[in-house]
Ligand SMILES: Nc1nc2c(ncn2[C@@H]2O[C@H](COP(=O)(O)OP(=O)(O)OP(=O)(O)O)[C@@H](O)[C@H]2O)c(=O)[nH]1
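Shown next as structure tokens: one chain only, the form predicted alone.
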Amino acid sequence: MKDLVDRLLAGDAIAAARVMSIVENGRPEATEFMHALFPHTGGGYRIGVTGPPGVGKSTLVDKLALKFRSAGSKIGIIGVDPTSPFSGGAILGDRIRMADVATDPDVFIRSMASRGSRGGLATTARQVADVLDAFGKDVIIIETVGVGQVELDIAEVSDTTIVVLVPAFGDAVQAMKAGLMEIGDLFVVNKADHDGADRAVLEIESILQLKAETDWETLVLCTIATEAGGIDELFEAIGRHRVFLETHALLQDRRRRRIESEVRTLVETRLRQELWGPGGYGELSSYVDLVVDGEETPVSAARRILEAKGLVGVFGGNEI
């Protein structure tokens, strides 16, 4: 293990890829690797890019990464693609969609399957971001699946969150319903050469007025990612937001929030594995039968399952 860690810290891309595979696949040694690498994290600035499917997130990330590279930054990109419900695999086509930077040795693109994660991020994406951080990437861009309603956890793992929409999105109010309007530090109307771009900007700006007031003034920008239009302005806006976070001592707060979210996610994942591991769902089914037959209630069935696992506690103010 030490040899692999040393090679990664020395900039060996093959070693980095192997460690990411170990972490993503949840192998037993993953914990030891993360323990060894964590002291080397904290230097990478994390940018989340989210929004509905088809808005051009990957193209935008490609052009944005190219801009960061021209400024001398080393880039890590995590692209989370949806998992097929049938095969369990994913298309993982980020290298195709990010042709401008795919062959750059200072850009590391890691495609990940969502593996059923309902928040737009694979559950191990946080750890892969940490690996990229330890690998020496100055900027880490995380692109979500684009599942709309439930990808809000991107804000918990990013320093700057970018919400991407398009004029043909239909109605910016729908974005507000999805909760995206609450998490964005920057909003981008991509494909701004299409009809309705000005209207979309006005709608987003009017909705943002309903957000709780903060010291940061959320910006709405227009881009045409296929032509790199507006990318310079977006790059500058990200820089302004980073300066704002640093000036107001908020960057460390966001890192603390990120760590808190990661710890919580790991605990919840371990509890789910403990409860619903091998045989768990069969046990659940037997208790459901008892509830249906009137011999148990949902509350008593839950208590018995928790007791069997040694996890009995307090739920909703009532002991289970």
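One-based numbering along the sequence shown. These figures come from a predicted structure and were not determined experimentally.
The form predicted together with the named molecule is left out here; the points below concern that form.
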| property | result |
| --- | --- |
| Contact stretch among 68-76, 202-210, 238-246, 186-194 - heavy atom within 4.5 Å of the named molecule in the predicted bound form | 186-194 |
| is_contact(residue 219, the named molecule) in the predicted bound form, heavy atom dist at most 4.5 Å | no |
| Interface membership of residue 54, the named molecule in the predicted bound form, 4.5 Å heavy atom rule | yes |
| Residue 223, heavy atom within 4.5 angstroms of the named molecule in the predicted bound form | yes |
| The named molecule contact at residue 265 in the predicted bound form, heavy atom, 4.5 Å | no |
| Contacting member of 154, 125, 145, 163, with respect to the named molecule in the predicted bound form [4.5 Å, heavy atom] | 145 |
| Within 4.5 Å of the named molecule in the predicted bound form: residues from 1-18 (heavy atom criterion) | none |
